[in-house]
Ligand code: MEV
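As a starting point, one isolated chain is supplied in structure tokens, in the form predicted on its own.
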């Protein structure tokens, strides 16, 4: 018996860091995926095959005894095995095209895919159950995870967090992801933000309010694109301003809001010279750009018109990775083969 599941990577369009302090965030799943295949064995072990290496431990092993990157798989295996005492062993194979450690939700996608795959050998779970269990698994690596990443990796599309409201997929975004190739530490970035807040609570509160207002405008703009009759029964002043700001199309408005969001991230000190240089180097062709994820390294995202995509590598210079992505609307998918 074999159970196969895959889940998408994610980006944070708006709201990283601030969401931990009570604001909204908008996340999107993207078309880079991780696939997890699980099967029963007779070896009395939990075996994990991945790009990070192979691990094989006795069935009784605790997830706390293995290196952090593989803890979620052992945790999930034990969670299922403890409920089904007749299992002799499990083998879990992970294949991913998601870059690791750059803010694209690799660990969250792995947790979601592994939850769906391993549980498929026993009892198929609902998406809500997959979210809850995958968040538990991710907490073995990141105890303070908000759960936002696992949520969007499960549902796909674009979501508002924490309300888990899916927002329009009737138009797509032409997104560029540019990798600084600098490893980042989520823990370190979170500590920087917490320190900023402690040193200036009044300004941090103002930034949270600004972020929430920005996100409300973006939600409004995205939803308005779903209404065939236009902006009827909506705030006319905002409608007029959106029309003025959208001379180059709806992506232009979203791009401007991304660049505004980047200013807030700069102020809470999760940017660095490399990320700023990357954003600056793309400014002549970008409709808007910002950090996605923890910052201090990792990736930026930018809205780039199709005709300008071939200019990106030269503008970024050597030593940077870049690729275009589309919004993934499927979320986690799984099947069991007997």
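Model, not experiment: these values are computed from the prediction. Residue numbers count along the first chain shown, from 1.
Although it is not shown, the form predicted in complex with (R)-mevalonate (MEV) is what the next lines describe.
Visitor: Looking at the partner-bound form in the predicted bound form, is residue 145 within 4.5 Å of (R)-mevalonate (MEV) by any heavy atom?
Guide: So residue 145 counts as contacting (R)-mevalonate (MEV).
Visitor: Residue-level contact is defined here as any heavy atom of the residue lying within 4.5 Å of (R)-mevalonate (MEV) in the predicted bound form; does residue 186 satisfy this criterion?
Guide: Taking the distances in the predicted bound form, the answer for residue 186 is yes, it comes within 4.5 Å of (R)-mevalonate (MEV).
Visitor: Under a 4.5 Å heavy atom criterion, is residue 12 part of the interface with (R)-mevalonate (MEV) in the predicted bound form?
Guide: Contact with (R)-mevalonate (MEV), yes.
Visitor: With the partner left out here, check for me: in the predicted bound form, does some heavy atom of residue 20 sit within 4.5 Å of (R)-mevalonate (MEV)?
Guide: Taking the distances in the predicted bound form, the answer for residue 20 is yes, it comes within 4.5 Å of (R)-mevalonate (MEV).
Visitor: Considering (R)-mevalonate (MEV) in the predicted bound form, which of 164, 224, 100, 190 comes within 4.5 Å of it through any heavy atom?
Guide: The residue in contact is 190.
Visitor: Heavy atom within 4.5 Å of (R)-mevalonate (MEV) in the predicted bound form: which of 294, 70, 312, 278?
Guide: Result of the distance check: 294.
Visitor: In the predicted bound form, which of 119-127, 90-98, 75-83, 145-153 comes within 4.5 Å of (R)-mevalonate (MEV) (heavy atoms)?
Guide: Result of the contact check: 145-153.
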